[in-house]
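What follows is one chain in structure tokens, specifically the form predicted alone.
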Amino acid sequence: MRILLLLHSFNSLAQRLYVELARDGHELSVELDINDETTCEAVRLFRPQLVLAPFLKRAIPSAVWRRHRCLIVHPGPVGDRGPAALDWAILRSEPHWGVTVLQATDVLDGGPVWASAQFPMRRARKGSLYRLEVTEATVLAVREALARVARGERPLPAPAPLPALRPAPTAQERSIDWNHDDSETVLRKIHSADGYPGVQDSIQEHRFRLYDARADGALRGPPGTLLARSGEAICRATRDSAVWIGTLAPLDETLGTFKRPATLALGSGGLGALVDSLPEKEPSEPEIDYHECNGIGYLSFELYNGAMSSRQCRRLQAAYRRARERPTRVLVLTGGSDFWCNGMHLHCIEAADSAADASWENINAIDDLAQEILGTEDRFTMAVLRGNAAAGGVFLALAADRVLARSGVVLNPHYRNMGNLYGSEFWTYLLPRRLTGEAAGALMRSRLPLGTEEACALGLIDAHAGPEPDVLETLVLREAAALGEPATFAARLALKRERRAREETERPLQSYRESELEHMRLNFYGFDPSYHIARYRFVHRTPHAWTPLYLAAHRRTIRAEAMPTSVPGAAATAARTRALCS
């Protein structure tokens, strides 16, 4: 089917749908929802059989839905209406929730129903539920809806009477009363606003938005007081226990109202001395953890939104070195359930006095970690991608000997979307080890997401296993046991060492690193500000002004190309236009 994806942004759910629908054989193009005129133009150019809107923040223009079948993905069960469905489900502790695919009409979220899917709720951040349960249910429901359309079936009528449209929760409805709210209530409020808009709160009369909360059952103190810090998170007492808060966004415009790690936000808000006075404690759910089972070491790390700061790199590298001191034959690196890693922590870089210096420090810290993994010659290493990965995060995983992934994971193994970054993390060494030169070049030029099936077929990763976590766990146990098999371990390890020694003789790892960093130095310190502009727009959530050409297949032949070259400056203008659009 010829399908136009109409989106507020090309987020994780939209990327997963793009991958799945392309695999199903549909012809796809993407238009970002900028304004009604642009949307109507996109429909005229692409002439879709169907418009699919998995992530919108406003209604589809009537001029479009009256002439074309438009399907909306609503992150709520049949009958639910309103812009914050998942927020309310978390606030109200709903045991089950769902996704509905309905047809656009003049009644918001009130059109005929084409398909729906349900899932059990778990205690988790809104973003985590969205990236996992909501995304999996959306894939099922959209496939069912498209199959029904293809068979010529009719949708089910909307529920009658139609429930009232429920507005988004107010700041007051999510406000925390530290003296009376227990930890469960505090977590629900912060989880429901995670990602956006955050829970407004005060810390010593300084106003912040709160994100990234985790429970702690051990620490106690007067309600509302700060009890401890761990890494970049702070612990705050509730009525009955405490919660860790990993991310804050200042509400003071002079400080920049974007998210950053909690200790960094407090420091920029003038509360650095308070942070320094807090004792270091280990949370009951640590960001970095290690355990062993049957002679296999498991080093897990949880990165909020997949971003890895310089400090997190150093902490993970130290944990990796401690894990190497253990007598194991296989070391398994497991990232978080939402993300493995997306590379540099752009929000920390944006908050620094010198973004260029912070970028340089961050990329070198990730390179140090990747080099540590690549230099491990006394055992086998395995990267397990339970969540999405992008840019340097993909190549950090490829530094391991084996790479496994959950089948619902989406990979973006390219850097160009962040202002034409060249990239580091030894990608110029790691990629040719797995792909031919032609395939490697095509992969890095592409800006489209890659599913695990496609990544496995290319040889970018070694294996994938179903969308369910327990299926992936079974695969990991089997693969790790095979790598550590005593009868063959010594011989296989010798082959690994021989290959590394041979490749080091041909070209040292340090040479790859230095070459990559020379390009990155130009990205950070050179005359072209593309990276800094792209980072600023990403961190500050600047609205899109156009749809990039790698997404908008219907716009790849642009008017600028038809501009007559006899017009003074026409050729240069056309070239600039093409560059901007791409």
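Don't overthink the numbering: it's just position in the shown sequence, from 1. If you're wondering where the values come from, they're calculated on a predicted model, not measured in any experiment.
Only in words, not in the display: the form predicted together with a small molecule, which the text now covers.
Trainee: Can you tell me whether Arg556 touches the small molecule? I mean in the predicted bound form, with a 4.5 angstroms heavy atom cut-off.
Mentor: No - in the predicted bound form, heavy atoms of Arg556 and the small molecule never come within 4.5 Å of each other.
Trainee: Is Tyr536 close to the small molecule in the predicted bound form, meaning a heavy atom pair under 4.5 Å apart or at it?
Mentor: Contact with the small molecule, no.
Trainee: Is there a non-hydrogen atom of Gly343 within 4.5 angstroms of a non-hydrogen atom of the small molecule in the predicted bound form?
Mentor: Taking the distances in the predicted bound form, the answer for Gly343 is yes, it comes within 4.5 Å of the small molecule.
Trainee: May I ask you to check whether Gly387 falls inside a 4.5 Å heavy atom distance of the small molecule in the predicted bound form?
Mentor: The answer is no: Gly387 has no heavy atom within 4.5 Å of the small molecule.
Trainee: So if I measure heavy atom distances to the small molecule in the predicted bound form, which of the stretches 421-429, 502-510, 85-93, 276-284 falls within 4.5 Å?
Mentor: Selected stretch: 421-429.
Trainee: Here the chain is shown alone; which of Ser407, Asn305, Ser241, Thr105 has a heavy atom within 4.5 Å of the small molecule in the predicted bound form?
Mentor: In short, Asn305.
Trainee: Scan Gly195, Pro250, Gly76, Gly246 and let me know which has any heavy atom within 4.5 Å of the small molecule in the predicted bound form.
Mentor: Comparing distances to the small molecule in the predicted bound form, the residue within 4.5 Å is Gly195.
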